[in-house]
Every structure is written in structure tokens, then in C-alpha cells.
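One chain comes next, on its own, written out as C-alpha cells in the form predicted on its own.
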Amino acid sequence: MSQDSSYSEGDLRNTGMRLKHDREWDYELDRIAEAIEEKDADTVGLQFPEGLKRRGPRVADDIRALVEERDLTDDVRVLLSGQPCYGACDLDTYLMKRSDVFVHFGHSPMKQTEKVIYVPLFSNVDVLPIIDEALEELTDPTEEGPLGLVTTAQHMNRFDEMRSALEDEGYEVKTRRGDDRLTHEGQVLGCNYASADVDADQILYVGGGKFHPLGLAMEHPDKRVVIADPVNNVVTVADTEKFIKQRYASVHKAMDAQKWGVIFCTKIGQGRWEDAERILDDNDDAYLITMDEVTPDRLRNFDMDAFVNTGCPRITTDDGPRFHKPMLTPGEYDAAVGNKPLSEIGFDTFHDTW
């Protein structure tokens, strides 16, 4: 690739994004070109997560240029998905069916299939400096015992480095691959923290954002969760108190609800039909609403007193306060209608694949 193509290789330095570190990604263009040649493809579909959609046109240009340079096919049309994309469960099935080659960027596969090329976009950020800083927040290895280690898909390429650095400091590092929804050992998703189910009282989460470690701390309340963010160079400890209060408040608001909207998400990896069906069978005043993208605006026209989201848990936890009526998880619904005590509410998670 020429020097001019550095932008489409993922360099964010000229995009206006303010990060502690520059980030670059490998879009695995050679691998995509090989698939185009192997399938004699006429159409290529590209799906990017929200933060990388701006890269789409330049990556499409690079693919076309590479195809032309190698004389792989007479002509290829590159199609960009405009559908929202927040995870590997969020495949654009419409575009996938109409593409000879379909590429999903930014996430690791939940289910292996020949129909999709997954390009994980591993981060190039050095994780060792933040590991060093995290040592000050972690308890002494001779006092606390084993340490659990987890991270997100973007940093899995540095996982062995993280483990080795901690072991060099005297920690007994415990890791596991959670379940079939997870591709890598030590990987966590925004909806699945099974990899943190290890014999350790403290967990080190290496990655950006607060949602993953917050969910981890909710799912494993017996563990102390230390957050090491290698992009913004910040070390904190997960505090669930504010989040728990917010969820309890939503449940209390829904306790007087008469009409319930039960949301079933039609996205390929997010539908929990059994949960939706159970609630409908339990409540004569519950109504099923099918949606692909669940947003506050799309629900505003429904005359409901409260909603139950059986789709992605992050819809409820991230956007819950934005909905005009209480938005609950299936477990929170059970507490609101008296099927179980409020104290038994747990963090809503997905397990297994679709």
C-alpha cells in the first residue's frame, strides 16, 4: 500500500478523535482479496461498528484498488452497511445474503460460519505501561492470592503479554474461556462475563470504557474489579452503587404498570424468544413488539406503562434512562410483578451462541 493509504489503514491522528495514544488497525485486505478471488465475487459487503463507519469508503477504495492491481476479477462492487452495529451479534443479514463476500469488522465471531469473514481489528496500543500502573491498585500477590485477567477482543493480541507481565510481578494469573459466545480465553463481551468465573477474589480488566467492567462487577459481586484502560491511561476500580440505584429506581417505577410491552429483537444474535414467550404466558396485559433496532423514539408511540427488553442487555442498561417509560430486563420484570424479591436482581447477560 502507498503512503497515501495510511488513513484507510486506521490511523486516527488526523480524524479529530482525542485519545491518549494513536491507534492503527489492520483491515486484512489481503485476506479479503483472496476471498474475492476464490469466490470470483461480484459483490462485497462491508459492515463496520459505529465508531469506524467513517472508514468504510476508504477501505472500499483500497479493496477495489487491490482487486484491480492483482487483476482478480473484471469488476467488483463494494457495498457498505448502514445498519447500526454494536457487536458480532449484530450482523446485517440483508446485506450478507446479497454479497458474495461479506466482511464484519471490529468483533470476534460468536459462531463460525463460511458466510462471514470476521476482521477483529486488534489494537496496536502497548498494554504494559497500564499494567505497571494497575499494580498500585491491585492487592499484594502474597496477601490476596490468584488474580483473574480479562480483556476485550481489541486487546486479545496482547493477552499473553499481560499475563506474563503480571506473572513476573509474582501473581498467579487465572484465566478461562467462558462459553461458546466467546472466541478467546480471557475475553469478555458487553453481554457475557463468563471468562471472569475463575477462582480469584480480584479481577483485572484491561480495556476501554466502563460498561464491560461494570457488568463484570455486577455479574460477580464477590470479586473486586480493577479497570486498566490502556488507551486513556487510567486505572480505576469498578463501583456499581450508582448503577444499582438506577436499576432499582426503574423497577420501582414499573411496579404499578398495567400494560407491558415485551420487546423481541429480530437481530440474528439477540433474540431470546423463550424469555419473551414466558412473560407473555405469565401476563395477559403483556404485548409482544418485534423490532430490529430498539430506540426511545420508536417506542414512544406505543401506549404502554412499562417495557421488558429481551434483546441486547445494553439497550436497557446503557439507554434505559432515555426511554419515556421504565425499560426493564427480564429479571427486573420478575421483581416488578412480584415473581421474585428485588434483592435477587442480577445483571442481564447472554450465554451461548444463536
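Note that the structure is a prediction, hence the values are computed from the model and not measured. Note that residue numbering begins at 1 and tracks the sequence as displayed.
In what follows, reference is made to the form predicted in complex with a further copy of the same chain, a form of this protein that is not presented.
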Within 4.5 Å of a further copy of the same chain in the model of the complex by heavy atoms, the stretch out of 188 to 196, 94 to 102, 247 to 255, 127 to 135 is 94 to 102
Residue-level question: is V78 within 4.5 Å of a further copy of the same chain in the model of the complex, judged on heavy atoms?
yes
Quick one: does E37 come within 4.5 Å of a further copy of the same chain in the model of the complex, counting heavy atoms only?
no
Tell me, yes or no, whether D292 is in contact with a further copy of the same chain in the model of the complex, where a contact means a heavy atom of each within 4.5 Å.
yes
Hey, in the model of the complex, does D281 get a heavy atom within 4.5 angstroms of a further copy of the same chain?
yes
Report the residue, out of A41, V67, L29, M304, that has at least one non-hydrogen atom within 4.5 angstroms of a further copy of the same chain in the model of the complex.
M304
The single option of P146, G209, G269, P84 touching a further copy of the same chain in the model of the complex, heavy atom within 4.5 Å
P84
Which residues, if any, of 242 to 279 lie within 4.5 Å of a further copy of the same chain in the model of the complex when only heavy atoms count?
Q258, K259, F264, T266, W273, E277
